[in-house]
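Next up is one chain by itself, shown in structure tokens, the form predicted on its own.
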């Protein structure tokens, strides 16, 4: 037997009671806003057929898909010729399914499968884990949760405004104000690519530009030159991107280069509809977002005082369902990155202290008789929606109190011979050390107030 210490796979994490309480705090807040905005919840399987997933995330995304080996003898369908031609020929024979990479492509598949039962526009939210075979680093995990909201079946720019306000409401309720919502439009990016002399290479242009924050404009310029871009126009492009302008000035700058681009009017309408809700929103003409299926306005939310990747992102996709046989259905969605939001709130100390509580009260006892009485008291407390526990063993009272301290239980109720007789209970507030003698109704009132 191996003595090797067990651990989790790289890029995954365990969450104990304290961490889980914090994660549930984030999920509950996001879910409350999803419901308040009229979104309905769905769930999809952890695995999808690879035919559903492949080709939707670009070449880089396909490499990051976790493939699941077929059950049984997964090599039985592989020929010698497949082996000789390499892994891409072997893969279809040994793996038919993969873990989902995001929630948007499975959602598109869900819409197509259930189109006759859905009313459009359809507003859905989904809170589930996704998996990516990425290189683990700070803020980048191989298993992480996404919290998605999508509106599908409408092209109106008001949907973009709705999702912007939703983002603002979520971060306001989490007590985190130092975020920036960066937006751009895919039509503007494609127009810039063509203006730079990269017609037919728009996706490669977006992929290169998306690396600007990571590798700097010199290396991005080198990549674009290698694609065949006009060198003089690249100088003008990076001059435009480097200007410290407000949103309207940026729109005027891009309109001077691309006067007929349809994305300009859409972005103008978006900012007009936002009215006074435009705080924390910035037009970033270098924002590209790598996923191939975006066609209109794209979003990326970044923390301004924590070094971490985007904490929310999304965009408009006009024909994602088309690859599954339902063309011309426009949708837009955003995805909150639960794990990165957790890291931001943790670093900034923004979680409420009360989240550490596992139960409101622990009932302790001196003997068998008081233990049995404690069982009845436990039922009374729970019937009044007060989270409570009864120490399960006959043990010294100090051991029971130490247990309450270790798991941050704020109140300890002590039952001895006198409490059984009078039904007046000694309750100690662990943080302050204060003690009270209370009848059951008063005890319930105190614990409910807390």
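Take the two forms, superpose them, and find the largest set of C-alpha atoms that agree within 1.5 Å; that set is the rigid core. Residue numbers count along the first chain shown, from 1. Model, not experiment: these values are computed from the prediction.
Omitted from view is the form predicted in complex with the RNA, to which the following refers.
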Does residue 371 make contact with the RNA in the predicted complex, using a 4.5 Å heavy atom cut-off?
no
Taking any heavy atom pair closer than or equal to 4.5 Å as contact, tell me whether residue 398 reaches the RNA in the predicted complex.
yes
Might residue 421 be said to contact the RNA in the predicted complex, defining contact as any heavy atom within 4.5 Å?
no
Consider residue 168 of the chain shown here, and say whether it contacts the RNA in the predicted complex, taking contact as heavy atoms within 4.5 Å.
no
Out of the stretches listed (255 to 263, 204 to 212, 172 to 180, 111 to 119), which one is close to the RNA in the predicted complex, meaning heavy atoms within 4.5 Å?
204 to 212
Is the RNA close enough to 44, 240 and 250 in the predicted complex that each of the three has a heavy atom within 4.5 Å of it?
no
Which pick from 380, 134, 230, 346 sits with a heavy atom within 4.5 Å of the RNA in the predicted complex?
134
Listed residue (351, 141, 271, 324) with a non-hydrogen atom within 4.5 angstroms of the RNA in the predicted complex
141
For a quick check, can you give me the residues of 388 to 426 that have a heavy atom within 4.5 Å of the RNA in the predicted complex?
396, 397, 398, 401, 402, 405, 406, 414, 416, 417, 418, 419, 426
Once the core is superposed between the shown form and the other one, does residue 165 show a C-alpha displacement of at least 2 Å?
no
Would you say residue 211 moves between the shown form and the other one, meaning its CA shifts by 2 Å or more once the core is fitted?
yes
